[in-house]
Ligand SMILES: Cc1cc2nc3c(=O)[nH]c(=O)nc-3n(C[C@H](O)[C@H](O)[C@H](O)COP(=O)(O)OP(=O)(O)OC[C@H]3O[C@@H](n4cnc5c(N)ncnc54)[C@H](O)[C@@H]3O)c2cc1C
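Just one chain is shown here, as C-alpha cells, and it is the form predicted alone.
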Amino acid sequence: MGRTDDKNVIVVGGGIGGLSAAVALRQQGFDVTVIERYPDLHSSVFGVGIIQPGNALRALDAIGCAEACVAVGYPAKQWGRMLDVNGDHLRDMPGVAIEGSKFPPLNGVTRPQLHEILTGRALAVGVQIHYGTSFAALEEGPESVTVVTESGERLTADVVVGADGVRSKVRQYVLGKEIEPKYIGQSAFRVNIPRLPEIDCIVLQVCDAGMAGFVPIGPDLAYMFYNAHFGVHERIPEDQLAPRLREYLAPFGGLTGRVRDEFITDDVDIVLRPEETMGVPTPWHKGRVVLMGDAVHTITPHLGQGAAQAIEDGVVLAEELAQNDRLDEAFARYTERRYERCKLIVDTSLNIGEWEMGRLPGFDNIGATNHVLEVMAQPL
C-alpha cells in the first residue's frame, strides 16, 4: 500500500530519535514536520549526560551531527575500564573500532548539547518543528493519515512516524494497548560531577552490593551513575536522595569513595529514574504509521545504547523510504534491518541488570559488552 514518492511525513516526538529521523528523512527529500508536546527544545531534555558509542557517531555522521558532538563532548581513546571496590584495576575494555571511521570508540556529551545540535541541524535542513503540540489521535485513510492534536488541529501527511518514547501514544494504533514497558527492579542515580583526570573513558567500579560508574561528557564535566535495587513502589523524597546515594556508595574506596565524599553533598542535583525494558515483536508498522526508538525498544542504560539505537532507526527508516517503491515494503525492510540488532541490545542490557542484582550468577558482563560492541560495529 502507498508509494514512497509520497513526500509528506509527520514525526510525533521531538526527542533524540524523532529529530534524527526528521533530519535523515529531510536529507532524502521528504517534507518533514515534527510535533513536540513540550514548549521548547530544552524542556523535553531529561537526565544529565549521554554515551555515544562508535555506532552512534557513525549514525550521527550520516545526518551531519557527529563532528559537532565530538567538538563539544569528550572523545575517549577507549571504551572503558573496570576497577575493584578499592579502586584497583581489574580489566580494560578497549571497545571496537568501526572500519573506515574517523571517530573515537566513545564520545560523551551532555543531553542539552546533543539536543541543541540535533535541533539546529533539523532547522538548517528545513524541518518544521511545532512545539507545544500534543498528539491526541490518528485518523488513517487510503491516501493519507491525519494527526489530531489535543488543541483540535488536524495535520495530514503521507506517513506518520511514532517517535514519542516509552509512553508512546502512537503505539496503540500499530500494536494495540496491551504492550507496555516493564520495570526491571533497578533505578539509576545520576549526578554531574567535575571530570577528574582518571575519568577519561567509562570507568566501572564494582563491589558485592553493586556497581558505580563514571562517564566523561565534556573536557571538565562527567557524570556518576549507580544502579540501585528498588522495589516497584519504593520512592525516595528529593531531600533524601544524597544521603541514600552515600549509603549505597559506602563500601567503595578509590575513585567512587572520593566522589562520594567530595561531591555527593546534600544540595547536589541528583536524577533518579526507574529502569524499564520492552522489546516489541514485529511488525512495527501498520498502514501509513511506523514506530521507532523507545516506542518499540525500551533499553535499560547498561550499555549506553538507547539513544544510539534510536538514531540508527531514523537513518535506516529514511534510507528504506527513499529506496523502496511501496510503503509496506519500505517499512518491512526497515524492521528487518533493525529488529535483531535492537533485540540484542534490549536482551543484553537486561541481562547486565539481572547480573548486577544477583539474579544471573556467572554472567560475563564484560564479555557481553564486547560482543555487543563488535556487532554494533558491523554495517547497518
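Quick caveat, the model's predicted, so the values are computed rather than measured. Residues carry their position along the shown sequence, with the first being 1.
One more form of this protein exists, namely the form predicted together with the ligand; it is left out here, but the text below deals with it.
Remark: Gly73 does not count among the residues lining the ligand in the predicted bound form, judged by a heavy atom distance of 4.5 Å or less. Remark: Asn227 does not count among the residues lining the ligand in the predicted bound form, judged by a heavy atom distance of 4.5 Å or less. Contact between Phe252 and the ligand in the predicted bound form is not found at the 4.5 Å heavy atom cutoff. For the chain shown alone, Gly293 is a contact residue for the ligand in the predicted bound form, at least one non-hydrogen atom being within 4.5 angstroms.
By the 4.5 Å heavy atom rule, the three marked residues Leu60, Arg121 and Gly314 all fail to count as contacting the ligand in the predicted bound form.
Contact with the ligand in the predicted bound form, judged as any non-hydrogen atom within 4.5 angstroms, is confined among 192-200, 172-180, 156-164, 243-251 to 156-164. For the candidate set Ala308, Ile184, Leu138, Ile129, a heavy atom within 4.5 Å of the ligand in the predicted bound form is found for exactly one residue, namely Ala308. Residue-level contacts in the predicted bound form: of Ala66, Cys342, Ala330, Ile51, one residue has a heavy atom within 4.5 Å of the ligand, and it is Ile51. If you take 204-225 and check each residue for a heavy atom within 4.5 Å of the ligand in the predicted bound form, you get just Tyr223.
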